[in-house]
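The chain below stands alone and is given as structure tokens, in the form predicted on its own.
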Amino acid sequence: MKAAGLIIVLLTGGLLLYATQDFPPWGAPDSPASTHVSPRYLQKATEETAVPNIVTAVLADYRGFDTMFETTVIFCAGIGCFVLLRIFRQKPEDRYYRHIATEITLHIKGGRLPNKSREFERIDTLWTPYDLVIKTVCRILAPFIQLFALYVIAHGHHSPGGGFQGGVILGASIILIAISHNMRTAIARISEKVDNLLMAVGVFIYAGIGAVCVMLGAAFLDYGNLSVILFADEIMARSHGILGVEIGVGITVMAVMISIYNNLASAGKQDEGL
């Protein structure tokens, strides 16, 4: 089976490399992209979309299909890691609890204490005392990191940023909580079910905006016709449409990052880990 998989990968790679022979040389000034496409985008992007950040205009408008499938690939990566790594049926394992007042550690075989016990807190199997300074600083920083991530998503029209970058920053803020505290604390903020749902919601928002464009009589992801429901002219409607799909991208990227980290760090148990 492994040999068959290796052969398929080599054949696919060879086919892709063979197909690149028809591409123009790297950076060739007379290639179609340099003579027609790029100048068109540079000259017309701001005028047609009201988005000063041409990169965002190209990614979310002119190349909206490409970006939608990039988001779908990220979604599939998250689902793939979930299917391969997640372990649902877990054997009863030993658990460790620390008595908060006396710092005495209890080792309970095959059982558990109430999760919301005020006298005891559950600790990881390989536990080292938390650093109060690190925990406090990370807890204070996390909201500001998330606020900056929302700014990166919302302001991607006018400055470097967008859904991919903002989603990564949002996901990193939750992972920071998992590292500085523990995984259970991070999962308490965004549960596994919510996270998995958000992975699909982001793609749904992106594709849904395209579907709304079709229902309004335009082509898929042709945001201009959104002006009917956004009460704006067609150019501003394209700008708002770009913002909508960027929000969808940000949600999916954030949720996939958190899901992959939780499954990798906990070996699929979503219980404890780095």
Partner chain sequence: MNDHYPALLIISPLLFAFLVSGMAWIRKGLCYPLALVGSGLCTWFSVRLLADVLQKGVVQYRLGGWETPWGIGYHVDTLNGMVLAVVSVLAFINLVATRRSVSAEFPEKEGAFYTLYLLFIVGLVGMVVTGDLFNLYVLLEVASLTSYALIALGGPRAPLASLNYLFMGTIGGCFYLLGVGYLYIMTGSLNMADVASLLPGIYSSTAIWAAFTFCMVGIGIKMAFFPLHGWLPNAYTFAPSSVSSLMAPLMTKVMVYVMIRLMLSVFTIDFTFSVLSLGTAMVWLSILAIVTGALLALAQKNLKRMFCYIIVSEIGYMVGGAWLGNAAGMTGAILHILNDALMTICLFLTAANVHYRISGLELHQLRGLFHRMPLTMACFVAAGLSIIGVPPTCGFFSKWYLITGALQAGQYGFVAALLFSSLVNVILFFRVIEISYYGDMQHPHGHGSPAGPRTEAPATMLAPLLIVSAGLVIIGVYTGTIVTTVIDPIIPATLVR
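Numbering follows the first chain given and starts at 1. What we label the rigid core is the largest C-alpha set whose atoms superpose within 1.5 Å from one form to the other. Treat the numbers as computed from the prediction; the structure is a model and nothing was measured.
As for the form predicted in complex with its partner chain, it is not shown, yet the points below apply to it.
For its partner chain in the predicted complex, the listed stretch (69 to 77, 181 to 189, 132 to 140, 152 to 160) containing residues with heavy atoms inside 4.5 Å is 69 to 77. At a distance of at most 4.5 angstroms from its partner chain in the predicted complex, all three residues 15, 19 and 218 contribute at least one non-hydrogen atom. Checking 126, 83, 147, 104 against its partner chain in the predicted complex, a heavy atom within 4.5 Å turns up for just one residue: 83. At the 4.5 Å threshold, heavy atoms of residue 52 stay clear of its partner chain in the predicted complex, well away from it. Although the partner is absent from this view, residue 172 stays clear of its partner chain in the predicted complex, with no non-hydrogen atom inside 4.5 angstroms. Although the partner is absent here, residue 197 is a contact residue: one of its heavy atoms lies within 4.5 angstroms of its partner chain in the predicted complex. Residue contact with its partner chain in the predicted complex: residue 222 places a heavy atom within 4.5 Å of it. For the partner-free chain shown, 192, 193, 196, 197, 200, 203, 204, 207, 208, 211 of 190 to 212 come within 4.5 angstroms of its partner chain in the predicted complex, judged by any non-hydrogen atom. After superposition on the rigid core, the Cα atom of residue 43 is displaced by less than 2 Å between this form and the one not shown. Once both forms are fitted on their core, a CA shift of 2 Å or more is seen for residue 15 between this form and the one not shown.
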